[in-house]
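Just the one chain here, laid out as structure tokens, in the form predicted alone.
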Amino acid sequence: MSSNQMRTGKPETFTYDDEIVKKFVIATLLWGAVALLLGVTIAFQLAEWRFNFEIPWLTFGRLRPLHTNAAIFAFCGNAIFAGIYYSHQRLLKSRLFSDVLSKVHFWGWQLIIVSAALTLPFGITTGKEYAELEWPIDILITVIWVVFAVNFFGTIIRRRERHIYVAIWFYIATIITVAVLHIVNSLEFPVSFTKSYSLYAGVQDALVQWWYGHNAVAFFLTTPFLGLMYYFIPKAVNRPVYSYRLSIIHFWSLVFIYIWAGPHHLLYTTLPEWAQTLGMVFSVMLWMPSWGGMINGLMTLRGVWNKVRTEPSVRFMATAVTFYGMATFEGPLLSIKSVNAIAHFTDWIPGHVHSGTIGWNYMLISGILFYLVPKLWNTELYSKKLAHQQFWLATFGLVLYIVSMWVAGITQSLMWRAMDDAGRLIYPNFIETVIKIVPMYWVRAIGGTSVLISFIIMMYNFYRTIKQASVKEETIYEAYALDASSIEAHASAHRKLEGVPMIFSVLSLIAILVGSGIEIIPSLLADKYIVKVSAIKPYTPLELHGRDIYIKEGCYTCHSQTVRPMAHEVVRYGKASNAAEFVYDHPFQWGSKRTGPDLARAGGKYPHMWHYKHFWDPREMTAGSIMPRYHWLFDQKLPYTGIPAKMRVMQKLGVPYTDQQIASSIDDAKAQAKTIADELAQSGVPAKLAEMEIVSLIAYIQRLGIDYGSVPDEPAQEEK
């Protein structure tokens, strides 16, 4: 019996704000279609380079960041807010704290999404994966997240239920952790309204970025959805969650362990070995709490498997939890160093990611929407038959995607690593691997198209459902006000903790700060133990601008810039990377995928004319290349006047540019551009090329690895 039932006196009346939930539901459907359409587009661009259309804002490098942001923050983000706002009110028996804040939250979040759509395709990006949005948008994200948090915690304060249910535990962890992740990773120094440089460089930036990147998946695509799972699965089958004790273990172990796992993205890099080991160990440990949540979800469905066959909401939710279990087994597996050595930089990783985002997030969102839409619009679902067709199309497409990427990834790795008895590469030309896996790219594109079609079917199903909706009067609910003095004398310690949500929130914050501090703080002091190499010099003014073009065009989405200390990589690319190489890189450019070869040692490997022709038509230099053409770089003039401002910001960030170098930067850049253009002119290239952006990009590529290539094999002997 609840404390409300034991009270006497007159209960309070209240209503729920379901209009805001409807808004987020509609936004979820609209942005979900956009995210999937973008995903299918870039899948076909990898299968056939002509689908880049030679339009700057429609190339793979520009659209891939837009796809990830749309999928994570637009599609999943709106779904999270819809589910939280619906369940939060009902679990607390209270209307949301502020209708005004709810509206500000909704429209502010849509403004963020539109801002991403208006900047990323035009190359306005920080170049940090899943955090590409520039500093003004980062500030807007922070403001809107605070609005969400105030509305959320304000509702908790005015609640009529003493104890916060398990779903709310996960919501709390999400709000707190995402705030910490976003603020720390987004620290940057503005150059202009549309350009900034990361506060961190090299190794530090890599660790902070993947502490953020991994935990953006953890605390934006996992913990809030686990909270939604704990609410909507019991509601859909009308039975309590399987195990309250298991939910406690699941929550605290997951929140504490997850935050440590980021370094598993950086195995075999120049990140300190202790940090890599911590990341691997905690990633393997993560399997246990993850499967605890899966077991709790699936066991809640025991005895009602007939509903899995007949009810769309239950079918999608059961499938989502199953794929969650598969993805959270594969993740720890991929974090083991020996397995990571095979999988990292290959297409296996996108396959793993999409088994989670489609199998877990898309499937669970679908199940939640099939539960919510008929209730919100007071009607019956238009067609269960369409829902089942959607399910099988989505499942078929997802299986095609995963299997094709498993095959492609393993093929890539085996070909990259293949060496004969004499220590020579069996496949010395990187393009051999690319040609081999193009058929798998076609299979992935077909699978993605199947998922997109399934989503369109769901949109049509909900359109017809909403169209037949009947008008429903606002329901008035009754509940007693919270009696702050009432305490359950014999309740467990955790049960009592659930009655003091602010303390619960502080403990959640401490849980995620422990691992974060132990891993991040030493990395920020890395300059104290990274051996300085005198041969490593800052980029010249022209090279610095060329690096920005490299980032603008999204080259980092297909190329890495770090050579791991493995025999086949050293033979293929050259000397293994050293932490000192990256001390002037704001942000780092180690990459996470090798659709093309690593570029860490690309400098001086080919003459300027090779790069000129390569960017004009990659297939002229490398038969079978799937890289798009970059004709616009030959027509866009270099903005020389902006170079001094970039160098001044770099100077403030610790890059040792002198005032004299900054003062002469425009002249120096023009002189270096002329040198490159003069060499190209000898092959018949027009002299006006010295004014175009392609020259600065060639300058940057030609610099990569040059400094470190002249360093002895024992750089640690140099002075600190």
Ligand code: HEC
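No experiment lies behind these values; they were computed from the predicted model shown. Residue indices: 1-based, along the sequence shown.
The discussion below concerns the form predicted in complex with this ligand, not included here.
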| request: Tell me whether Val180, Pro224 and Val255, taken together, all sit within 4.5 Å of this ligand in the model of the complex, counting heavy atoms only. | output: no
| task | Would you point out which of 338-346, 360-368, 387-395, 599-607 contains residues with a non-hydrogen atom within 4.5 Å of this ligand in the model of the complex? | result | 599-607
| task | Please run the contact check for Pro628 against this ligand in the model of the complex: heavy atoms, 4.5 angstroms, yes or no? | result | yes
| said: Although the partner isn't part of this model, could you tell me whether Cys558 comes within 4.5 Å of this ligand in the model of the complex, counting any heavy atom of the residue? | reply: yes
| query | Is Pro618 one of the residues lying within 4.5 Å of this ligand in the model of the complex, judged by heavy atom distances? | reply | yes
| request: Give a yes or no for Thr622: in the model of the complex, does one of its heavy atoms lie within 4.5 Å of a heavy atom belonging to this ligand? | output: yes
| message | Under a 4.5 angstroms heavy atom criterion, identify the one residue in Ile426, Val150, Leu507, Ile431 near this ligand in the model of the complex. | response | Ile431
| task | May I ask you to choose, among His614, Lys195, Lys93, Arg564, the residue with a heavy atom within 4.5 Å of this ligand in the model of the complex? | result | His614
| said: Only counting heavy atoms and a 4.5 Å limit, does any residue of 42-61 reach this ligand in the model of the complex, and if so which ones? | reply: Leu46, Phe60, Gly61
